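The data below hold one chain only, encoded as structure tokens and taken in the form predicted alone.
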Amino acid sequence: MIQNPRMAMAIGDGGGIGPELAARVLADETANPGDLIVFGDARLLERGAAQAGLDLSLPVLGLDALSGTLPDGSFLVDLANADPAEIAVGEASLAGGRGALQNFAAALLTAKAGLADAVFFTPFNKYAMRLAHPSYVDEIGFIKSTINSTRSGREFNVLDEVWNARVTSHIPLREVADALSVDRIFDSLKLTVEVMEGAGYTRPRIGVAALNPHAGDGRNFGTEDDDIIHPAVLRAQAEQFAVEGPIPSDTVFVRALKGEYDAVMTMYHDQGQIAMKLLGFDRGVTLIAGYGFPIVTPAHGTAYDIAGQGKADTGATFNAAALGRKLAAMERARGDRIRSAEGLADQIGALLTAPQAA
């Protein structure tokens, strides 16, 4: 039953540009070489195709398709879970958030079972997802609970010029300093090295951003850089990682773009996101790693302001699909994953009938 490499694709928020981008991926021979298992509502994908001015010819199958030999080429598993009549274009909605969560969970479970070697999704909207699932915080927490992982992954933002890794992600800025520890920073550096080496880098060079202005300026502007970040860097250097820091965050990306570093590790979400989106808003990819298979998406959001107008830019989306395949091929070459689809269709079916968690 386990044949050629596949990528599980989840259609994102139905009120945004996710369905249009999904349709554009499926219509493009480069972005869709025939290896996609798409999860979503056939009616919503049809609306996305109409928005893009496309006439898709994609086989539409039921969940039972996952229990036997997979057909050749890409196909849609119609979950019939997001009626377009309930999802207004350009707005966040409970129905849109629920459908996106279910699509994502189905793709994750498919990759966990080994039927896919990567997960790829078009943009989500966290507010819509919280309408459907109030305890939803971010993708990392959802992934961990969905596949029962004992390990917490990390988000990376990826451009050709530089990668961005971060120690903390979706937490209030006032909590960042208290969330930092030597162990947490070291573990983030270790995972960054692991992921980048898996992507083909040899001993990736990482510049570690300071938390405080001027890297604390000799403890005048805070003590975290001296007491937490620097010891973590020394520990990483003792492990022979090519790491430097803490480096003032107003210059670390400048140095990376001059070729000193392959990646910048930042302490909090916007410390890196602002720089990365300025460098390549329409090219950047978000990679979530640490779960045995890569999870990729364009680094931009649902773009409600242009949804339904047929003008969504595909640059970041196509880059995400390409990176997912590249990393999946490297993971598959290692050949260390268990591949069994037993019970998968029932698991996904249960998602569609279960009450939403509080």
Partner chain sequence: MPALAPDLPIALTCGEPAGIGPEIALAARMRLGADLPFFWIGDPRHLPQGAAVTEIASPAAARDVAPDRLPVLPHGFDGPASPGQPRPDHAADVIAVIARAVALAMAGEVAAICTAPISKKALKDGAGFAFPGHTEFLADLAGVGRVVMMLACDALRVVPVTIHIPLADVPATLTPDLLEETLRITHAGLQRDFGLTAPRLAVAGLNPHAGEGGTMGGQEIAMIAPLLDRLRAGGMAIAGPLPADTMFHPAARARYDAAVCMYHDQALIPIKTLDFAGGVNLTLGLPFIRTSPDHGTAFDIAGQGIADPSSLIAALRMARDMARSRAQ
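Quick caveat, the model's predicted, so the values are computed rather than measured. Residue numbers count along the first chain shown, from 1.
Just so you know, the form predicted in complex with its partner chain exists too; it's not on screen, but the next bit is about it.
- Taking the partner from elsewhere, every residue among L211, G222 and D270 has a non-hydrogen atom within 4.5 angstroms of its partner chain in the predicted complex.
- A heavy atom within 4.5 Å of its partner chain in the predicted complex is found for one listed residue only; from S169, S145, S152, Q237, this is S169.
- Contact with its partner chain in the predicted complex, judged by any heavy atom within 4.5 Å, is made by just one of A199, V233, A275, A256: A275.
- None of 83-91, 245-253, 188-196, 107-115 except one has non-hydrogen atoms within 4.5 angstroms of its partner chain in the predicted complex; the exception is 245-253.
- Proximity of R174 to its partner chain in the predicted complex falls within the 4.5 Å heavy atom cutoff.
- For the chain shown alone, V182 is not a contact residue for its partner chain in the predicted complex, no non-hydrogen atom being within 4.5 angstroms.
- With a 4.5 Å cutoff on heavy atoms, F281 counts as touching its partner chain in the predicted complex.
- Heavy atoms of R130 reach within 4.5 Å of its partner chain in the predicted complex, making it an interface residue.
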